[in-house]
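To begin, one chain is listed below as structure tokens, in the form predicted alone.
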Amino acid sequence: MTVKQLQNEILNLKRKVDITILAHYYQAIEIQEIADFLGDSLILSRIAKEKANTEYIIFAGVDFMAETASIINQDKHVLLPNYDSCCPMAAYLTPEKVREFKKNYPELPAVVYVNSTAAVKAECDVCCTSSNAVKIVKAMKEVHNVDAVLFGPDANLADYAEQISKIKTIKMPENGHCYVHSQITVEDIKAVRKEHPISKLLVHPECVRDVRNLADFVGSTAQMYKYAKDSPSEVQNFIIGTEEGLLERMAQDFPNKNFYVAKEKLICHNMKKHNLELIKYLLENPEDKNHEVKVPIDIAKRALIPIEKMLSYS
């Protein structure tokens, strides 16, 4: 069966089942094409809360995203096509580590990136995404009347929030990072810019500071997408410093513009563990509990508070 045939079968099944399919920009393009909604973490969090008005939600993303959807929608069934689709960054921070940092810095609010487990979210004061990290850090300074915040698990995003906001971020832990974005180096950027000298460089805030400082624009996947979409007609060339799924999406949506990878093989292998066959299986077997992500009610209630606070600040 071809990809197109499988996509058509999925689209036909969707008409018969009360299911919403959410997909992150890092998903394979064939999954993006059959999703009801696409976005980055912030957009998908909002959609899960406001627009996913179905009994079942299939979340083509990594586990923490499905957990967030479950927290927001305790009365719904959130399904993860491949349960092994996890985020290695989230493993850098545990609830015990958050409590230890809070004990050492009792006066400081804890800001936790959505790339974290539900149990970690339950220990924090507010969540953030790469789209709104700077805004959240500024809000915490004002609300808590402090000059610093605890921030985890991504040290590079924490550094970016500190660089832009001028508010100190104490990293929880010091070495947390995304293995995709942190592998981009200054040498990579110099090489690709030499090859495509008139291109605009767009990078994710999870990149190291030296790489971010070379960029024309730093932003989340959705913000990079918007930057390319809204660029004037004379700006036609872009180097994209994030997972290659976003580049595929933009190349398809903006065929008159040219997109180049900042480095070869920028692939989140965990995001890519989903496939059309698994999504089709869930449409046929939505009641399969082996694929359901259900956050325990006590953790969900506590984690919902920082998530809703994040959405209110955004």
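Just count from 1 along the sequence shown to find any residue number. The structure displayed is predicted, hence computed values, not measured ones.
Not pictured, yet referred to below: the form predicted in complex with a small molecule.
Participant: Where, among 194-202, 159-167, 230-238, 108-116, do residues come within 4.5 Å of the small molecule in the predicted complex by heavy atom distance?
Facilitator: Contact criterion met by 108-116 only.
Participant: Test of understanding: in the predicted complex, would residue 64 fall inside 4.5 Å of the small molecule by heavy atoms?
Facilitator: Looking in the predicted complex, residue contacts with the small molecule include residue 64, since a heavy atom lies within 4.5 Å.
Participant: Whether residue 123 contacts the small molecule in the predicted complex should be assessed with a 4.5 Å heavy atom distance threshold; does it?
Facilitator: No, residue 123 is distant from the partner.
Participant: Does the 4.5 Å heavy atom contact test between residue 59 and the small molecule in the predicted complex come out positive?
Facilitator: No - in the predicted complex, heavy atoms of residue 59 and the small molecule never come within 4.5 Å of each other.
Participant: Answer for residue 212 alone: is it within 4.5 Å of the small molecule in the predicted complex, judged on heavy atom distances?
Facilitator: Residue 212: no, not in contact with the small molecule in the predicted complex.
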